[in-house]
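Just the one chain here, laid out as structure tokens, in the form predicted on its own.
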């Protein structure tokens, strides 16, 4: 069996597990009852305020900024750089490439360095800070190592061990069309792709689920109106009290 077929099967399985697991977890979050009114104060008192708060939370990490400036800095650098890197990779799945994907290529190229730097800062925190080291499990370190390895191998392909980008794009487009094309056999590329597939496989069962999970956090998505409206959801709304 050729490398192209092996990696095609790997990515198809990883995509099914990633999408299916993510959908299942989001459905589970949505069905989990929130019987208590527990927004973190000071909290917004209107739905628009909640939306604005959530936008600030997922774009500038407002609560983390108020809590710890150093963690916020490394976390924001990593997440912002990750978004640029992911958007830059869209070019491998499009023909023709959208104009805005072309525009961000120079920024995404250097965002890889910022992504790895942010990850190393977050990793150092888990080693240097006593209270964080105490609560860090082996899986936390392994997840950071996996992300650093993905970023590092990506930078190696860009600046050291170049690969055939044209053939790689043809292979990725072929996966989307269920037409397997030849895959470049460069070792760094194969390691990079295997690491990405591994991340997709474990994503639905990892702490990385905080990405969709933040939208279902009652401390963030609730309106602070317990005096105006009785909070009742799910089974709590069916409770009947005897007179």
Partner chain sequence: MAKTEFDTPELGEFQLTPKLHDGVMAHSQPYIAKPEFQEALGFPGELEDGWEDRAVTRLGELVDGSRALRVFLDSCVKCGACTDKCHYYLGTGDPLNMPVARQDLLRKVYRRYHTPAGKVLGKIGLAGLIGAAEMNKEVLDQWYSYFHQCSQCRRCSVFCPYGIDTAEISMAAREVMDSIGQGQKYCNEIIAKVYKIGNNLGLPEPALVDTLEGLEEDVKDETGVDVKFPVDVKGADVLLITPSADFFAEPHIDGLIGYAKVFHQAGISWTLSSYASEAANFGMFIGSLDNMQKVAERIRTAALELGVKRIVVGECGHAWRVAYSFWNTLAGPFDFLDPNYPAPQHIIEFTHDLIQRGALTLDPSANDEYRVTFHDSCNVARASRMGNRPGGQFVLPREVIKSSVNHFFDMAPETIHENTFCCGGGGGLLTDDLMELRVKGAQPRMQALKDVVEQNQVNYLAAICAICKSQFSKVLPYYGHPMDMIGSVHGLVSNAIQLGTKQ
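Basically, rigid core = biggest C-alpha set you can superpose within 1.5 Å across the two forms. Numbering follows the first chain given and starts at 1. These numbers come from a predicted model, not from an experiment.
Omitted from view is the form predicted together with the partner chain, to which the following refers.
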remark   = With the partner omitted here, the residue among 50, 214, 201, 188 that in the predicted complex has a heavy atom within 4.5 Å of the partner chain is 214
inquiry  = Contact check in the predicted complex: 2, 6 and 182 versus the partner chain, with a cutoff of 4.5 Å between any heavy atoms. Do all three pass?
reply    = no
query = Is the gap between residue 64 and the partner chain in the predicted complex 4.5 Å or less for some heavy atom pair?
reply = yes
task = May I ask you to check whether residue 140 falls inside a 4.5 Å heavy atom distance of the partner chain in the predicted complex?
result = yes
query = So in the predicted complex, does any heavy atom of residue 55 sit within 4.5 Å of the partner chain?
reply = no
inquiry  = Is it the case that residue 229, even though its partner is missing from this view, gets within 4.5 Å of the partner chain in the predicted complex, heavy atoms only?
reply    = yes
key: Residues of 184 to 214 having any heavy atom within 4.5 Å of the partner chain in the predicted complex, listed in sequence order   = 205, 206, 207, 209, 210, 213, 214
message = After superposing the rigid core, is the C-alpha displacement of residue 20 2 Å or more between this form and the one not shown?
response = no
